[in-house]
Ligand code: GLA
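Presented as structure tokens, the chain that follows is alone, the form predicted on its own.
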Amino acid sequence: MKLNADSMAERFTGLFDDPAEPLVVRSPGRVNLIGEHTDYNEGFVLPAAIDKAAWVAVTRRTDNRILLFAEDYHARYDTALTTLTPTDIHWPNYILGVADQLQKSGITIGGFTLLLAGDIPIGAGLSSSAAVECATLFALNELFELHLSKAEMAHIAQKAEHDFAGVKCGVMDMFTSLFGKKDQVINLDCRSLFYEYLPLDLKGYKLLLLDTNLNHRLSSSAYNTRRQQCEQGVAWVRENLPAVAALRDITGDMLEKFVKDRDPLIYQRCRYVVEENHRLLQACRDLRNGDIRSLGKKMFETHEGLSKQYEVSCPELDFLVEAVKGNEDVVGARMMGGGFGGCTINIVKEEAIEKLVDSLRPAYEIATGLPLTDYVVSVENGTELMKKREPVHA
């Protein structure tokens, strides 16, 4: 199905016995240029919304039922608003979790019928789950006239991910999906949610994503373990420096003094995050100066840290990054997202992309036994109302 407001509305009408015209919302996935695993440590990130998105078409119901249909799975799900619990089917959880959080926040909503579709590759580290949560929340905000700000929606969507998907993620994915702007990256302070837009002028280069086709499942990976290790490091520093609240407040010297001798592995994890925050602030300067090559060098450094210090990479991701090192057409590359699979993000000369992918694909398949998928993405706007609803008559 071609994804646009009219096709979503038409498909919705064909699926459901509902006379009302649905409202339609588009919410994008994201890439992150640099600043990985820093968000839940109250640090800095540098993400951007992309041209792949989750789409929802929604109408209100006169009862308290929630009726869902996922186009990609050709699957329905039906439940009551008053008995929301996570399901083993997974995909409804991102929608139900939003409804659950709204109610826990004391916000009244009614039943609704929702069609979900999208073109964000699942498991590629492009935050398809956050896109679904934000699309749902943005739509319900409009549908029930809740008057929530985008910042409020980001936090509600984050809590939905925590409670219903079981992933203790930071706020970056949701914030980026909601606040993205065309041809801009977001320098986001994940503690205060202060942000600024920085122009992404790639000067003849493009963002190329190389998908390992190794599906990462954050909830069953070491993602939550890494978060606990970071929190333990902070707790040890705080015993001596009570003002410290997160790794964002900690220096390398503090880690040397208070963490290294107590647990070398936790020291290693924390050291990566401290260094990554510093790299990101330097990368912002590179963007302001239009220095794409310096930015790319830092991306390679980030991958080294993620692979060797934080240990969230895998042989497939490492292969793809190593394969493009030294290629004059590639200024930077690294694994992106939670890790253990998903994509690498590469800044590549536009005219060299086809040749690069053609040479990598057979080499990757021989090395890993997996196919290589590629996506060229552009930076686009965040969550948007694409089609307003018609008045509903009970």
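In this text, residue numbers run from 1 along the sequence as written. Note that this is a predicted model, so its numbers are computed, not measured.
Absent from the display: the form predicted in complex with this ligand. The rest refers to it.
K.L.:
From the list Gly332, Pro47, Gly43, Gly337, which entry has a heavy atom within 4.5 Å of this ligand in the predicted bound form?
P.N.:
Of the candidates Gly332, Pro47, Gly43, Gly337, Gly337 is the one lying within 4.5 Å of this ligand in the predicted bound form.
K.L.:
Between Leu102, Ala139, Leu280, Met172, only one gets a heavy atom within 4.5 angstroms of this ligand in the predicted bound form; which residue is that?
P.N.:
Filtering the options by heavy-atom distance leaves Met172.
K.L.:
Is His37 near this ligand? Define near as a heavy atom within 4.5 Å, in the predicted bound form.
P.N.:
Yes, His37 sits close enough to this ligand in the predicted bound form that at least one of its heavy atoms falls within 4.5 Å.
K.L.:
Wondering, does Tyr223 line up within 4.5 Å of this ligand in the predicted bound form on heavy atoms?
P.N.:
Yes, contact at 4.5 Å.
K.L.:
Heavy atoms within 4.5 Å of this ligand in the predicted bound form: which of the stretches 48-56, 64-72, 353-361, 29-37 has them?
P.N.:
Looking at the partner contacts, the answer comes out as 29-37.
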